[in-house]
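Next comes just one chain, in structure tokens: the form predicted alone.
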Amino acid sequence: MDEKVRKRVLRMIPYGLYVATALHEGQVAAGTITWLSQASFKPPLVMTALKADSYLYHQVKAAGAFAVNILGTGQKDLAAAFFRGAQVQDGKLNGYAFEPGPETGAPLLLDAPAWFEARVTDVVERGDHTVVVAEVVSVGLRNPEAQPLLLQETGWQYGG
């Protein structure tokens, strides 16, 4: 397989940008993710791939739950703020206001136009990212007019 072509082809898959969060034993984890998809209607399942050696993945696995903050177009700076993990300071997460999720306690960013919480049902540990399948247990919509932030809009690349 031609590696350059492989990379180019796989980068043609469209991705959104999200901030995933988890809370376990009082410790918050958060990170920007792109590999996320709905996987079932009944029950409502999502699947995401989290970097296997990340603190976020380890907290999601330990907590058995996580939240996904769906970013809107124009929120590139918010996405960038979570490239290097998370820190709670002065009641904010990486400088952004948040509230605890009603089902999992995972941080929900007040600036995100939509969010959901999910409980982990399955984990596939293979490769440099781990696939997490989870059932959606709570949702919120703050801005119904918002359009999702797509990776293509940012000029960044992840995948391939």
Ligand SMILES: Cc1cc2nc3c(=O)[nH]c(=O)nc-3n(C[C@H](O)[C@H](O)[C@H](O)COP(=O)(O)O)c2cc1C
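This one's a predicted model, so the numbers in the text were calculated from it and none came from an experiment. Start at 1 with the first residue shown and count on from there.
Beyond what is shown, the protein has a form predicted in complex with this ligand; the following relates to that form.
This ligand in the predicted complex is not approached by residue 101, whose heavy atoms all lie more than 4.5 angstroms from it.
Residue contact check for residue 114: none of its heavy atoms lie within 4.5 Å of this ligand in the predicted complex. Residue 61 falls outside the set of residues with a heavy atom inside 4.5 Å of this ligand in the predicted complex.
In the predicted complex, at least one heavy atom of residue 85 sits within 4.5 Å of this ligand. Only one of the listed residues (132, 70, 56, 109) places a non-hydrogen atom within 4.5 angstroms of this ligand in the predicted complex, and that residue is 56. The chain is drawn here without this ligand; in the predicted complex, the stretch among 101-109, 23-31, 115-123, 61-69 whose residues come within 4.5 Å of it by any heavy atom is 23-31.
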